[in-house]
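Below you'll find only one chain, the form predicted on its own, shown as structure tokens.
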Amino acid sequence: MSDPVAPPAPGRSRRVSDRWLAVGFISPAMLLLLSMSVFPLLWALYLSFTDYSATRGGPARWIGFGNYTAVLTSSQVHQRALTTLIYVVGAVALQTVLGFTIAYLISRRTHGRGLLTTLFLVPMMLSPVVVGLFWRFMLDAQFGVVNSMLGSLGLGQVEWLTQRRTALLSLVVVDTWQWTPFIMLIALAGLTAVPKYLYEAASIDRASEWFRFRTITLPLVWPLLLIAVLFRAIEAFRLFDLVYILTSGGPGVSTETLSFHVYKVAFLGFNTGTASAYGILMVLVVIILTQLYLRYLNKLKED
């Protein structure tokens, strides 16, 4: 007579049921993520190989790498890429210097640190559209408060948003005003995490302030600062809202960044396939540069 089949262990059945319960809870979020993020990216990748236009009837015609060739060989794209590069380097460098300086000064205070940090974080809490409108009125050539202050000092008025020499600089200043607190916040977190005993040991050895900053503060805060720079560079690379509100890419095309150019190609020229190729190339550039940057961070961490 054969032995009866042993029932499954209670612990194992409980683990299986918990696993299916976890899958049931996670599935809606995963489906939403796939439908809202992954599918549009794949659809844009498909459209980038076609001549599809949102205003033209009929199916899309497959043209292979035609859109990518046109984008990569266009002199207009090279000019917009240079404008974007100048903006990203200028804005991120200025924000890094100012943010770290403010964080360093705040970290040395013992009273009022929380109030100062909160006040400096206010610009970052505002919507970019609100910031753009706010600074558009301030930089107005006739009625702006900036030119009024310059006039009271005996200086001439400046066409901040309508001159080629000052339009891109104005964008850098506005973006710096809003996002310097982001760098400051991360740098302040790194500065407050530096062990106090290192400074005490340096004081016992009568090390100078510059020596302590160069050998203790900067090396320990530098990795966090580089991460903040990475986030800000990615955000600045896809700048659109401030350009749309302040200059609309003008005067001429002097402030037309790549993201704003993609907007014009997609929604003003209705060249959907070409705009999709622009978007895919921008994603690839961000991914490649981010990977190189992360490798540098890992090498720095190992050293």
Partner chain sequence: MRYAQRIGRLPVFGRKVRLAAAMLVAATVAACGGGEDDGAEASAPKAPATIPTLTQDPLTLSFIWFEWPPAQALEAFANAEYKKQRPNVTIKVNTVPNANWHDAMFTQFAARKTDFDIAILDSQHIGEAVTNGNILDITDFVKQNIDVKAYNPYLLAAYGQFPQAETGQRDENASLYGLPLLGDTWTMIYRKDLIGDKPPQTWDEMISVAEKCQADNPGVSGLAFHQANGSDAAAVTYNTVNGVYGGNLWNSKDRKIDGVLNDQAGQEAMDVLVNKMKPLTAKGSGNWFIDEVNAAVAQGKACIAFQWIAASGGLLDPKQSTLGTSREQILDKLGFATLPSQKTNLVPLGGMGMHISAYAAEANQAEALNFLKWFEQADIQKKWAAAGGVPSRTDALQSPEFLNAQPFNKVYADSVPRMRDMWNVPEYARLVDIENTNVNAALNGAKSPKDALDDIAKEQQKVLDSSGRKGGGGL
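Numbering follows the first chain given and starts at 1. This is a predicted model, so every value here is computed, not measured.
The same protein has a further form, the form predicted in complex with its partner chain, not shown here; the description that follows concerns it.
Remark: of stretches 183 to 191, 111 to 119, 212 to 220, 138 to 146, the one touching its partner chain in the predicted complex is 138 to 146 (heavy atom within 4.5 Å).
Among Ala91, Leu161, Ile102, Ala228, the residue placing a heavy atom within 4.5 Å of its partner chain in the predicted complex is Leu161.
Of the residues Gln76, Ser152, Ser127, Ser203, just one reaches its partner chain in the predicted complex with a heavy atom at 4.5 Å or closer; this is Gln76. Contact between Leu34 and its partner chain in the predicted complex is found at the 4.5 Å heavy atom cutoff.
Residue contact with its partner chain in the predicted complex: Gly252 places a heavy atom within 4.5 Å of it. Shown alone here, Ala60 lies within 4.5 Å of its partner chain in the predicted complex, counting heavy atoms only. Residue contact check for Arg19: one or more of its heavy atoms lie within 4.5 Å of its partner chain in the predicted complex. In the predicted complex, not one residue of 223 to 241 has a heavy atom within 4.5 Å of its partner chain.
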